[in-house]
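Have a look below at one chain only, the form predicted on its own, in structure tokens format.
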């Protein structure tokens, strides 16, 4: 398995290490639930160095990305502004989801998933007029998330404060050797830091010294599920379109701009959609691939689990397009059907339940 620059720190801390997309990554450091609560209530940090930043450079980069991405980088006019988008096959299936940063008119940075990084590089290279590509494997990534994440980051790394204090949500800025972005995958505020690999261990240790709790993949998954955020390979993949995955807001279909997959999306109205499910009784935990029964037909859970914040089981599920939030459904768990309520994700925002009546 591949290892990030922070692997020695995880091993020294006694983390439970697992295989994630070919990378040996920490699942937790003792208590997944405590790590989850640390992010919701204070500040936690994640090693996200298995993901890949790719710099695209050249005079035609913006025009190339307008063709390559389902979202429109024409919306990026201020340096540092970021945009979330999918990259699609010609038939509209999702190849990956990513964040793209506008750094200069001739320089954009995309951050892609670990499991799809090599596929993404090859796909980009296969498109016409692809600009120069520089995979930034010289950088490590640390995500610091939680209500106290920004303050504790500045305490640990005071040199970042001037560049990041006024940074808007979904913006990034270069602060010396560190690129700091106000993005995340937890439903909380915070930063994602792209750090020279040689400085990763020291940066992690300084954050820990400021009271930022190390967190693993387990807490990252329960946090992103509560935040209603898709996980590639579970909630979306090449077999579904973004319109079937709750990602219609990331697709710019308007206007004359053409992009890979646009014609297929227009020709293929979605028959299914992604919704949230909340367990209304007891009897088991919602998990991926469990069958869902609605008044309008059957569906399937794409990802699910126990929510430490809500203290009940929640899930994302793909169901018939007409299944409405607020209605009841059933999920099959160990050959028995259990009642759930259909809701609109997210389930939690900034530590607060969004459906407290359930």
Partner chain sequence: MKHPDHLRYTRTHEWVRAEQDGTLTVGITHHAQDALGEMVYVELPEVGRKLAAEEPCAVIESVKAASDVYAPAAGEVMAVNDAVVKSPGDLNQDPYAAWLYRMKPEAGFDAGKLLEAAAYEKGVA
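Positions refer to the first chain, counted from 1. Everything quoted here is computed from the prediction, not taken from an experiment.
The discussion below concerns the form predicted in complex with its partner chain, not included here.
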If contact means a heavy atom within 4.5 Å, which one of 63-71, 26-34, 39-47, 291-299 is the stretch that engages its partner chain in the model of the complex? 26-34
Decide yes or no: are 282, 287 and 334 jointly within 4.5 Å of its partner chain in the model of the complex, with each residue judged by its heavy atoms? yes
Contact flag, residue 16 vs its partner chain in the model of the complex, heavy atom cut 4.5 Å: yes
Of the residues spanning 295-314, the ones with some heavy atom within 4.5 Å of its partner chain in the model of the complex are 306
